[in-house]
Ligand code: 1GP
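A lone chain, given as structure tokens: the form predicted alone.
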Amino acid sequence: MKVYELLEKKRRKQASYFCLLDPDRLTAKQAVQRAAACEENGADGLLVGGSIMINNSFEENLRLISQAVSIPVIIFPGIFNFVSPWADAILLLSVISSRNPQMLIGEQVRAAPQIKHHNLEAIGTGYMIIEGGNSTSVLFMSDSQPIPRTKDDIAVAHALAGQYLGMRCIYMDAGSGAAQPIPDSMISSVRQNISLPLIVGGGIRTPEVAHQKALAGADFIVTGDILERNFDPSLVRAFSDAIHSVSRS
């Protein structure tokens, strides 16, 4: 079964949980241990990527992560040369909240031949950067302005545009290390107006907040920074349990 089909099937039953791993900040041993711990403690999939790579460890750590788990491993590209056969799929992000053509289509064109070469499943994703109360790496690296966190109508219009353009999911992100998560009202407004899977991340630091975002309508909750700073398998389990408690049936 294709990754997208698996995710669609899963999200119709309950809210789901993705752990985000930045391979540039992990040793080989940490990459294997954390990936395995995420799977063992209930994560439904792993997103692998970051805004920038300094240590050039993406390919090797992605290989080790993929070999350590049976849950889907999905590339979350910050830079579009992050294409590798050592993943089950890639989120082919178009930053639809941006007016920077390189983030809308330029980087995707660069990545497309590599995706075809590796026969990698590409999941077209409308990526929306939402104001999170502080400057984040994704804002700086994408040279973008965020959608204001109080403007639910602007978020809805962008998400609808992504759906009408043929995207297969919408990803709303306040960014790694955001001071504040995306407001529940904005998540709910977007959920009520689109039929696509909705991924939400950035600034989610507690299982209670993750639970609220799932209740608001997020199909997939992503945590990254909170686990990166102090990885704790019991916290992964707490996030997983809190998110999975939100049923869609």
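Fair warning: this is a prediction, and the values are worked out from it, not measured in the lab. From 1 onward, residues are counted along the sequence shown.
If you look for the form predicted together with SN-glycerol-1-phosphate, you will not find it shown, but the lines that follow are about it.
J.: Should Leu26 be classed as touching SN-glycerol-1-phosphate in the predicted complex when contacts are defined as heavy atoms within 4.5 Å?
T.: Outside the cut-off, so no.
J.: Is Ser176 a contact residue for SN-glycerol-1-phosphate in the predicted complex, using a 4.5 Å heavy atom cut-off?
T.: Close contact exists here: in the predicted complex, Ser176 approaches SN-glycerol-1-phosphate to within 4.5 Å, heavy atoms only.
J.: Is Asp241 a contact residue for SN-glycerol-1-phosphate in the predicted complex, using a 4.5 Å heavy atom cut-off?
T.: Although SN-glycerol-1-phosphate is absent here, Asp241 would stay clear of it in the predicted complex, with no heavy atoms inside 4.5 Å.
J.: Given that the partner is absent here, does Val222 sit within 4.5 Å of SN-glycerol-1-phosphate in the predicted complex, heavy atoms only?
T.: Val222 belongs to the contact set for SN-glycerol-1-phosphate.
J.: Select, from the options 100 to 108, 146 to 154, 118 to 126, 166 to 174, the stretch whose residues sit within 4.5 angstroms of SN-glycerol-1-phosphate in the predicted complex by heavy atom distance.
T.: Of the options, only 166 to 174 has residues within 4.5 Å of the partner.
J.: With SN-glycerol-1-phosphate taken in the predicted complex, which residues across 182 to 210 come within 4.5 angstroms through any non-hydrogen atom?
T.: The stretch touches the partner through Gly201, Gly202, Gly203, Ile204.
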